[in-house]
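Before any questions on binding or motion, here is one chain by itself as C-alpha cells, the form predicted on its own.
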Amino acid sequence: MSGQMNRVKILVGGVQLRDGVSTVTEILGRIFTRAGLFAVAMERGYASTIYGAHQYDPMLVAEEPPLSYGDPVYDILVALDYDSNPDAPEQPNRDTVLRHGAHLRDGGILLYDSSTGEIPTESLQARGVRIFPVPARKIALTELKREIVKNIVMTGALFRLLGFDGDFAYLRQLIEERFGRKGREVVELNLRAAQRGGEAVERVLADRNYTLDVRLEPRPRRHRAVYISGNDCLGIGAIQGGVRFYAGYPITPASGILEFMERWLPRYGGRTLQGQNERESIRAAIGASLAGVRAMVGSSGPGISLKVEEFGVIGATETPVIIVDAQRAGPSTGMPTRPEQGDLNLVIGGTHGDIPRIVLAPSTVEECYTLMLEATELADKYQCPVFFLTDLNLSEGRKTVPEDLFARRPSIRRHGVLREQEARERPYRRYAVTPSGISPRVLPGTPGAVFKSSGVEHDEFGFVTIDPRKRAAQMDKRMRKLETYLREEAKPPYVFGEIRGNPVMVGWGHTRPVLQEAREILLRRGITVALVHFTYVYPLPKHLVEPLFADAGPVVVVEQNYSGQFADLLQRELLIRTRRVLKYNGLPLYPTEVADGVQRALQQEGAVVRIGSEVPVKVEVGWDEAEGN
C-alpha cells in the first residue's frame, strides 16, 4: 500500500440497526462523490434478522470509475461494534475484526472502537497492519454527551487516516444539509465529534510512530455526479418513462422501490399503492394499466412466486405491466438479504399456458435507468408483461453516477391507443388479429367503442369463446408479438474481445462489471478470452446471437444460481454445449474467483465449476489468555 493515492477499499462493520454502518457508508459515499471521486458500494452485507446481527458495507473509492467493486481485500477495516460478540466477553468489540481481519491487506489499517477496551491484534500487527483504537462511543457519551455522534467520531478518524477533508469542509456541508434544521448546536456537535476522532488518530500516530501512506485527494469540479442506488435509478427511469402507478408490498430488496415511488411519484401526478398483499399489488397494477396509465409492480423472491397467476392474466388480457423482480437467494423465503440469479426460469416460464413476455436484466446501476426507459416503451407497445430483473446488490448497492445520465428523457408516446374518431371509423375489435400480433386498444369511456378485457379465451371482440379456430387465432396472434419484438426491438449482447477461435465467458444481468474485471485478470495470465454479456435476456435474439458463437472456442457461462439457468437457455436455443461456473452461497461474485473458475472450466469439456463453497473459518487476530487460544 506504499504511496497509495486515490484508490482505497474500505470495509465498515458493526451491529445491524445499532451501530449505523449504512449511515457511515452513506456519508462517505456522498462526500467522496462531491469531492470528485468515484465510490462503489455494491456489496451489501446484512442479515434478515431485524436487530443484533452483524452488518458490513464494503466501499471502493477511486479517482477514475472502477471496473467493478473488486475482490474482498480491504485497505482499511473500520469496526464500529463495541459489545456485539458473545463468544468474546473479554473483548466484545472485535466481532467485525474476527469476521473480516483475514481480508485486511498486509500493511493495511484497522480502525476500531476501543470504548470497551483494546483487543488483541498481535497477528494483524505481525502482517504490518497499523492499529488505531479510538474510543468513539466513550468520547460521544462522556465528552459530547450524545452517543449518537459516535459514528461521526469514527468518520472524523477515518478522514484523518485518509488525509481527506482536513478542514471538514465537505463534512460540514453534508451535516448542515442533514441537520441544519435542527439548529446550529447540532451541526457544531457533529463537527466537534469529527474533530475528536481526528485528534484520537493523531495521538495513536504519535504514540506508535506510525506513518500513513494511503491518501484520498478531492478532484472537485471534474463532473457533476450523484451517489445513488439501483432501486432509485430504476425508479427515476420509470417516472421518466411515463409510469404513473406503482404498486408493491414490503419485501427485501424491492422495498426501496416502494419507498422511492411513494416519495416521488405523487410529485409527477402519479399514485403509489402499498397493497395488503402481493397479489393485490399486481392486480392493482393491472387495473391501473387497463384504466390508461403506465403501471409497474415490484417484488422479490416469494412475492414474485405469489404473482404467477396474474402473469397469465396480463398475457391473456394483453395488459402492459412492468414487473420488477429484485432477485434474492431462494428457494422459499431463502436468504432475503443475499443476492442470487435464481429467478430466470420463473420469469420465462411461470404461469400455466403460453404467454408472450420480455425479460430485461440491467448490468449496472446506470442501466437500471436507461433500460427501464426501454422497458416502459416495450410494455406499452407489446401489451405484455415486461420483467425487469435486478438483484439485491444491484437494487440496494450504491455508486457514483454522472448526473448527465439522467439528461436522456425520451418523449412518451402511447402505443396502439385509439381515440374516438379512430374507434368510430370501423367496428372496434380489441383483440384484432394483426400481422404484428399487436391489437388496437381503447381506454375505458372512449366514445364509439365498448371497452373489453378478459382473461378467459376470447374472440377478436373480446367475447368468450371455445371455438377452436378462434382460440388458435388468438394464441397465434399473442405469441406473434415476440416475432415482432425480436425483429424490431431486441438488441445484441455486449461483446468484449475477439470471439473467433477464443474461449468465451458468458454472463447476464448485474454480473457484467465483475466479469469484465475477471477477463482482465485472465488476459494478464496470458489466457485470451472474450466476454459476451446479455441484458436482453428473453426471448433470446437468435438471429443476433448465433453468428457470434459460430466460430467461438469453449463457452463458459458464469452465473449466480445452482443449475445454470441461463446456460440451459443458451444451450437449448443455440444448440451449443456450455461449461459452467456457478456460485450460490449468498455472497457476490468476485473477479479473481471468477477468473480461477473459468480457468478451471476451460480444462474440461462440460465442466461445472462451483465456486465460493469453502466453509467460513473463524479468524483469530491475537492471543487471548482468557479463552486459552
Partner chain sequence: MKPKGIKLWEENAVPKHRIQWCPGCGDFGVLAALKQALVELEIMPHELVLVGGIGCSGNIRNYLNGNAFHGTHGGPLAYALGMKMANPDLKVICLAGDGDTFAIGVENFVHTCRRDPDMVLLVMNNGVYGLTKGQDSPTAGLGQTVEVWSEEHPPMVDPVLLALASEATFVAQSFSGDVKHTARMIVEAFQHPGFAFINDFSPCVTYNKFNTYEWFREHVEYVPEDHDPSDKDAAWRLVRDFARRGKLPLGVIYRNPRPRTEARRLPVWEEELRDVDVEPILATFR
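Numbering follows the first chain given and starts at 1. All of these numbers come straight from a predicted model, not from anything done at the bench.
The same protein also exists as the form predicted together with its partner chain; that form is not shown, yet it is the one meant from here on.
A single residue from the set Ala126, Ala550, Ala206, Val464 has any heavy atom within 4.5 angstroms of its partner chain in the model of the complex; that residue is Val464.
Checking Gly501, Gly166, Pro250, Pro444 for any heavy atom within 4.5 Å of its partner chain in the model of the complex turns up a single hit: Pro444.
Residues within 4.5 angstroms of its partner chain in the model of the complex, judged by any non-hydrogen atom, belong to 291-299 and to none of the other stretches in 291-299, 153-161, 134-142, 535-543. The three residues Arg34, Arg271 and Gly455 all sit with a heavy atom within 4.5 Å of its partner chain in the model of the complex. Among heavy atoms of Val73, none comes within 4.5 Å of its partner chain in the model of the complex. Taking the partner from the other structure, its partner chain in the model of the complex has no heavy atom within 4.5 Å of any heavy atom of Arg222.
Residue contact check for Thr333: none of its heavy atoms lie within 4.5 Å of its partner chain in the model of the complex.
Within 4.5 Å of any heavy atom of its partner chain in the model of the complex lies no heavy atom of Tyr170.
Taking its partner chain as positioned in the model of the complex, none of the residues of 330-353 brings a heavy atom within 4.5 Å of it.
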